[in-house]
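Single chain ahead, by itself, as structure tokens, in the form predicted alone.
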Amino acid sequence: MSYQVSPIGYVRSCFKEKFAIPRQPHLAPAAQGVLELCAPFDGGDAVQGLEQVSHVWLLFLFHQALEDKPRLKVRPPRLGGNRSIGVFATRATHRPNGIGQSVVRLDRVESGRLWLSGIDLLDGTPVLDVKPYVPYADSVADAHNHIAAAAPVRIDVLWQDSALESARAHALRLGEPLVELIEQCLAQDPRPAYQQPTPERRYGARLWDVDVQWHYPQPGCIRVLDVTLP
């Protein structure tokens, strides 16, 4: 028996490409976006009462990672990208049905829109459902995960003076915490774990409408080089 599901809305996110998105929610509190609800959920009735909730579960589709053939094993970045384990032991994007879930902060509720932060969703992500986070039921005091026992270690993020000046100017233009967003995302070290970059190699990602470029001047350290409009 097969089932069909339809999105209830789409996320408009600060993340315009997959690279540099935090691998879990809440690792970048400055990461913001809006869930724009589709009819018939956009009239206000479906979100009535949600203003009493601080966080919500989002069930969504990894729409740029959908695959015809399911993967039984994956190589999670947390294990260095070179060790395979069962897909159900990970939160990898390569899911049997392409379904992801994230707990995100609900900053504001409007008719047809939910304003979110601490997100880890790509711009345009289809959302299948929204459920309120219930602290007494959803937070398990004695839970453990020996694969990911603690948050990843952050690396230092330094700035070229001109890049920081540019980021601050774009932050004012956008009305968004762009400097914090860049620092929080890059502190997660978004490069593939198996790569050992040289100082000459540049990396880049688009956040909101600006292109951010950085390099690794030494191990365990990132320097932001440029923040420019494309």
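Quick note: we count residues from 1 along the sequence shown, nothing fancier. Everything numeric here is computed off the predicted structure, so don't read it as measured data.
Omitted from view is the form predicted in complex with ligand SAM, to which the following refers.
Using a 4.5 angstroms heavy atom cutoff to ligand SAM in the predicted bound form, none of Cys14, Pro177 and Ala205 count as contacting. Of the listed positions (Ala46, Val34, Ala163, Leu61), a single one reaches within 4.5 angstroms of ligand SAM by any non-hydrogen atom in the predicted bound form, namely Leu61. Leu122 is the sole member of Leu122, Leu128, Val87, Val157 with a non-hydrogen atom lying within 4.5 angstroms of ligand SAM in the predicted bound form. Here the chain stands alone, but in the predicted bound form its contact with ligand SAM, taken as any heavy atom within 4.5 Å, falls in 87-95 among 106-114, 87-95, 145-153, 67-75. Contact check for Gln213: no non-hydrogen atom falls within 4.5 Å of ligand SAM in the predicted bound form. Put simply, Ile222 is far from ligand SAM in the predicted bound form: not one heavy atom of it is within 4.5 Å. Annotation for 101-116: interface residues with ligand SAM in the predicted bound form are Gln101, Ser102 [heavy atom within 4.5 Å].
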